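For reference, the chain that follows is the form predicted on its own, supplied as structure tokens.
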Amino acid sequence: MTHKVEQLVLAALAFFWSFLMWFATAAFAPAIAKTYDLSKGDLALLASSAIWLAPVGRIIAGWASDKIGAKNVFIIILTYSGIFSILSSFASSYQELFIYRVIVATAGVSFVVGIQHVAQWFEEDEIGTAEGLYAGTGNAGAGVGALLLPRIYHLNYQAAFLHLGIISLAIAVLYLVRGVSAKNKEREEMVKRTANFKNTIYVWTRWAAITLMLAYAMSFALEIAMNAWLSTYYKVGFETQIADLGYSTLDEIQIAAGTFGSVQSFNASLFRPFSGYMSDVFQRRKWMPYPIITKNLPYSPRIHWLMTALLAITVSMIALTIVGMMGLLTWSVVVLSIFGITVSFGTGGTFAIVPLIFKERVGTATGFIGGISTAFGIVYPLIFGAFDNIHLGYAVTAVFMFIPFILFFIFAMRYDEHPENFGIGSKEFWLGEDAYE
């Protein structure tokens, strides 16, 4: 008999492997750079390219999860990304490799599929922990890739890409056999009914959806940008310090840089279930410390937990710049580990709220919030690589992007009743007669 825990484990496994394939390119960035003689700018572009198709891909995947079921969408993603990962292992030129890896990177769109899948099996009082367990386990794929892939395969990224693709196809078969899209037909039919153009535009124009998208841009989009960037950052920004530790060959430097960078991903993954749990704790104990945002919604405490996370992320980004400019490698890794925890607070906190605000449109809302937000992940590495001082970009991003995002969060979350009804145009304007169903 199918059980919700089995579906949670299955979704987490599929997302874990998708995430591992997504950032396998970053784990081998030094080896690829040597093979094709890439510059720092080329590496920044390669890091950014991992996210190019994620925004539109997640929007489509979220809508499709509502329309045809999460099971079917997961099978499609695992199959095509596995095939292109295998093809990338046989690429004969950098241009060919680049195109294949951009396609493989779209495996990351599977996040929104799993969020929708889990939401169809778990109830409101446990949604934070369940979504946190799903996403945290999946996100660990990036850390596992950064830490283990260079150690297992050294500079042989071709073999890594081949094996990752083969296993992806095997997981697709497992999902085909054991996956079930929803707990019951009623839930499945409810989300299918709202998977249309009118409801999509309605969600996209809500202040709540927009601010949650920006919150996810501050957390998950930043996390994936850092996954793609940190190996390059530590190789370039702490070259002398790494050499002083005794790492001299490219293979050794790649392992060291990947190890330092993996701290962020592991903590962002490890603490994401804790973040979902803390959202549940805030909810049960009615903790609401901020007078400037709503305290009267059924899920207001969860909003206050997310506010805490956004403030912590901003402070930790500024701290990364400070220790980096001081040349303190050890303290940089310490701050990076704390930063990873704050990111997990934001990612887990966001999707402990989304299924509650947009109950009948979970896939559509998740596709928008989880999709559009990833576009910021394209921008962040370009900002980080734009300054002569490679450490400066973190503080610039925090001050000129994150502080305005927080101010908009305060604006959007001030409503004491149905925040999903406020935005550009009314509910009646966008949905017409459907607004009263």
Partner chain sequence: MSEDKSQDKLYPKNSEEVKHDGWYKYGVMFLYLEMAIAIGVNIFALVSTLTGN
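Small disclaimer: the values here were computed from a predicted structure and weren't measured. Positions refer to the first chain, counted from 1.
Below: the form predicted together with its partner chain, not depicted.
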Is Leu250 close to its partner chain in the predicted complex, meaning a heavy atom pair under 4.5 Å apart or at it? no
Arg178 near its partner chain in the predicted complex, any heavy atom under 4.5 Å? no
Do Leu245 and its partner chain come within 4.5 Å of each other in the predicted complex, heavy atoms counted? yes
Ser168 versus its partner chain, in the predicted complex: is there a non-hydrogen atom within 4.5 Å? no
Looking at 122-130, 69-77, 360-368, 102-110, which one sits within 4.5 Å of its partner chain in the predicted complex if you count heavy atoms only? 122-130
Select from the listed residues Ile83, Ile318, Leu270, Val323 the one whose heavy atoms reach within 4.5 Å of its partner chain in the predicted complex. Leu270
Only hit among Phe274, Tyr153, Tyr94, Trp207 for heavy atom within 4.5 Å of its partner chain in the predicted complex is Phe274
Can we say Lys4, Thr259 and Val263 each have a non-hydrogen atom within 4.5 Å of its partner chain in the predicted complex? yes
Given a 4.5 Å distance limit between heavy atoms, list every residue of 363-377 close to its partner chain in the predicted complex, or none if there are none. none
